[in-house]
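For this one, two forms of the same chain are given in structure tokens, first as structure 1 and then as structure 2.
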Structure 1
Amino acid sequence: MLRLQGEMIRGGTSKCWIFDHHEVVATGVDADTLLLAAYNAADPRQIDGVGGASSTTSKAAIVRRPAEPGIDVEYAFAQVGIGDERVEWTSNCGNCATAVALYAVHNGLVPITSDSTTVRMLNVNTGARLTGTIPTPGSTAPDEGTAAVPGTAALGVPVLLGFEDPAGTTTGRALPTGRALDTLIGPAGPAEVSLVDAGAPAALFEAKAFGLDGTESLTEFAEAVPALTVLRREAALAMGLADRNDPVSHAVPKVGVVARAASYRTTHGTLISQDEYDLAVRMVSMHAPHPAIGLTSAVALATAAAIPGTLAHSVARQTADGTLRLGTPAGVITAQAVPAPDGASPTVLLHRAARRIARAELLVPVLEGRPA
């Protein structure tokens, strides 16, 4: 039985385990084998491991001190399989990034020299650079806070999460096709789409193309998911993320619909008026409606809404300071695009929260290099 130190941290609406790279190496087995066994990925209920048996609770980040200057922490994000002995290392997770930032201030990965500490992070999966700014009053790392995010009533330490120069991380361009508007062929014929790459590659359609107004409940929006799943594949091809011969990815690009703000009720029943937000959005997560929105998708939307000619720009309320309030099924999430120097694309800031749940020593059943 291997031993592995880890911290269970809530970042936003995800539960992430954070591990130190050197501790992982010290176990003598590769990270995939270790995580599959630690989470009991083989079991759809993950009953023999620390996994939570849902996509938002079967996540890990492995952190290390960086090789390059200007970065405090490198992290690799892992989406650990559920009833599936595979670990996906292909994407970033903004919620886990907030957890990594909180971990960093608590574990000496960044010096705390004032009442506010900014952790500069590199996501090695995608090359994305992020910052997490955390209040450190009296130069101490906080365990408590009163910040909240849509999707949970729990409170935590406020983390201002910044996506630095997010445009083109995956493809090199904010608009991978060079156009703000493309047409893809879906199951119901041609559909206009804006293909953007910022935070994550995303294919954004207009809600009305699917007979929707963008304020639907999760159940109502679910009816459009099969068509959007087909279109996700077409978008991946158009953006150069996949070839026809590649297996179909259900994670890349992000896919969803946008619409003008209109009043709606959140999943928990709160009425949101059309004046309380700037852009209605309903995203897909794998094969189901996303209960809120992934943070990397929020970055894509904030970037798209700032580019004239995109569908997001055409329906979003424009604000003077780059603030974009996104109306999601869980509530309103506010993103702000802040001009960056040196020709970099605008930094996108998101107000998030994180909380350390537990510090643990995991007992990991690995036999002869394979999960037991």
Structure 2
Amino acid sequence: MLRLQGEMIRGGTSKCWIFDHHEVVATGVDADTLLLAAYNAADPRQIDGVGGASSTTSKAAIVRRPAEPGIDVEYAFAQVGIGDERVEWTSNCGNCATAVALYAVHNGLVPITSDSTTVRMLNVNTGARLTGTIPTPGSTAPDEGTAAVPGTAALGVPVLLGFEDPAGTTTGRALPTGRALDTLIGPAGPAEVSLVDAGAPAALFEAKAFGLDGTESLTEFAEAVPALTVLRREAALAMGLADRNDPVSHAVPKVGVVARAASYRTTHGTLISQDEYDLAVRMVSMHAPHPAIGLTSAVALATAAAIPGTLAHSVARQTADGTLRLGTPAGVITAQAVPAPDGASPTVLLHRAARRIARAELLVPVLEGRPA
């Protein structure tokens, strides 16, 4: 058995194990092998590991002190397979970034000098730069708070998460193909799509192309996932994220549908009127409907909705102050685009919550460099 120290932190609507880079290196095993064994990724239930058998609970971040100035912590985000012995390192996760910010405050990766502390983060997967601002009253790191986010009734420490200059992080352009509208070939034939790179690469389709109105339950939306999975692969090729001979990625690009606001009920039965939000969205997370929305997807949507000609812009209610209220299965999530100087793309702000759940020593069964 290998021994690995880590912290489990809930960031928003995800749970993320946070590991120190030096702890991972000290095991003498490569990160993929270590995580596959720790999470019991080969088992769809992850019954013999620390994964939660869902895309929002099979996540990890490996953190280290940065090599460049102006950053407090850099982290590599890992989406660990479920019934699939593979770790995806090609994307970022805003909810895990929320967790990393709280981890940094508690573990001395950033000095606490006032009643509010901002953690400057670099996601090494994508090159994205983020900030996480956390209240530190009396210059102390908080263990609890009263902040809540749609998708869970649990409370946590409030974190104001900012995605700095998010456009083109992966491909170099907000519109990787140079067009606001493209056409891809899916199982049912041609489908219009807006391919956007902001926060994360995303392929956004109009819901009506799949016979949907954007207010579907998770079960109803699941019927469109197989077609969207095929189209995600085509989008990856069109955006230059993969070649035909590359393995299929189920994490990049993000993929989902958008529609005009209409009244609907959340997963918990709360009625949301069409006047309470600006854009209906349903996203896919790995192989299944996302129970809310990934924050990198929210950044992509906020960016796309501001670009004339995209599908998101055509169906979103436009606002004067840069806010975009997204109607998700869990409820309404608000993103705000704040103008940035020097020609950079707007910083996108989101309000999140985080809570430390555990500090633990994991006993990881690794045999001959492979998961046991």
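Whichever C-alpha set is largest while still superposing within 1.5 Å between the two forms counts as the rigid core. None of these values were measured; they are calculated from a predicted model. Residues are numbered by position in structure 1's sequence, first residue being 1.
Handout entry: Label of the structure corresponding to the form predicted alone
Key = That would be structure 2.
Practice task
Answer whether Tyr103 and Leu181 are in the same rigid part of the chain between structure 1 and structure 2.
Solution key: Tyr103, Leu181: different rigid bodies.
Exercise for the section: Would you kindly give the rotation angle of the smaller rigid part between structure 1 and structure 2, in degrees? Expected result: Comparing the two forms, the minor rigid body swings through 10 degrees.
Problem - Rigid core superposed, the C-alpha shift at Gly83 between structure 1 and structure 2 in Å - result: Core-aligned C-alpha shift comes out at 4.0 Å.
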